[in-house]
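One chain comes next, on its own, written out as structure tokens in the form predicted alone.
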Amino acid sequence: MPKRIVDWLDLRLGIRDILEQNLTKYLLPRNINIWYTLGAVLLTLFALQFATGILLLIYYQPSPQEAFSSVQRIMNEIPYGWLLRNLHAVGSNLIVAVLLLHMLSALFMGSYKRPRELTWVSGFLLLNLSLGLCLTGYLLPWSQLSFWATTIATDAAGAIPLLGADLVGFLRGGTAVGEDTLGRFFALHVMGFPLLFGLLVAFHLFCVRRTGVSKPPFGPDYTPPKEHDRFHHEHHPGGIPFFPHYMAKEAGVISFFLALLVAITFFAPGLFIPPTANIPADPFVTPPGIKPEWYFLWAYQVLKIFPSELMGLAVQVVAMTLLALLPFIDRSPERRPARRPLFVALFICGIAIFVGLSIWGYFS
């Protein structure tokens, strides 16, 4: 029966040809490494987030009066609700970590360079959109931690001249974090951002497939690719087939990250769900030591370093803008790290600054 169905579809849509062109006949560089598999890891983790998010929506109540109690009901009464909630919470943190690794690998190997500028820009937008998804989802449990962390995060927008107060009001739906804020963040988290995210993912994958996978800039036989005046798909004659060779490598790396996700979920969920996440929000009691999630700690500390929040925001905007426009700034075709000592030095310094600021923000 399955063969008859495939034959019927193949006659009308050419299914077998599509599969061959994108699986067995799609060749990748022979020296391709595991860093290239992080994109597939992210797709898997995002699919898991979508599935767990849909299941959590069945029982979640997006109102200040019911949000916290509905989350507690999911955790304590719904069969396997604790597992779904923890997978969703831990998965969001793991996604940010893998996104950063994916971006760093693209930077180190020069995969952002011409003709892949649009691939880099779309990936950079996906990173920021993922952070937006994390920020909007953070408020939904309506706990002390989420309420006051959101209050601090939205306060930062008030430092923008002229528009600051209006922007804070727009984000919160009023002068303080409340029912309108929860409604806005809920709508963005479950509908607005996911729609944009899906479109960006489709465009990002289209760019990767259309331009071709860049060859890792390692080994004695590597030469910088020739620049073309017209569109050119990068082929890899003599390479390995995407299926089954490369897919087996992807499956191994995906299994590792899924195992890591399950291990944290079962044995160390408190790593990302601290005790203050289990206390209902109280707008009249500010808990001590409220800080943002680890991936926002660097920005949190930058705001504290400078004498005014405006200067701190300006530094962050400049840094993120330079990172987004890097393919248009670094126009050299050279991708080998050994031939780019200045870039490698800046690369290492950038990581050290990010880690240093994050640690400083955590202990300050």
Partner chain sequence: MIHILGRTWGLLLFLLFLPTDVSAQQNQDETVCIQCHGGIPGAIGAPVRQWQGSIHQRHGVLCFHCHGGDPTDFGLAHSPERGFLGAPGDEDVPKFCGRCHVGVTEDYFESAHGQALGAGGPNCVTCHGSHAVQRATSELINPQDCTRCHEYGRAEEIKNAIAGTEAFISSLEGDVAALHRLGIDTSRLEGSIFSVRNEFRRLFHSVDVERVRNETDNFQQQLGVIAGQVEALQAELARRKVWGGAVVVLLILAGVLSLLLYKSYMEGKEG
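Please read these numbers as outputs of a predicted model, since none were measured by experiment. Residue numbers count along the first chain shown, from 1.
The following text describes the form predicted together with the partner chain, which does not appear among the structures shown.
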Is the partner chain in the predicted bound form near all of 82, 239 and 274, within 4.5 Å of a heavy atom of each? yes
Only one of 224, 174, 270, 219 comes within 4.5 Å of the partner chain in the predicted bound form by heavy atoms, so just point that one out. 270
If the cut-off is 4.5 angstroms on heavy atoms, which of these, 122, 93, 211, 278, is the one near the partner chain in the predicted bound form? 278
How about residue 72 - does it come within 4.5 Å of the partner chain in the predicted bound form, if we only consider non-hydrogen atoms? yes
Contact between residue 262 and the partner chain in the predicted bound form at 4.5 Å, heavy atoms? yes
Residue 251: touches the partner chain in the predicted bound form, heavy atom cutoff 4.5 angstroms: yes
I'd like to check something about residue 266: if you look in the predicted bound form, is any of its heavy atoms closer than or equal to 4.5 Å to a heavy atom of the partner chain? yes
For the partner chain in the predicted bound form, the stretch among 254-262, 198-206, 178-186, 95-103 with residues bearing a heavy atom within 4.5 Å is 254-262
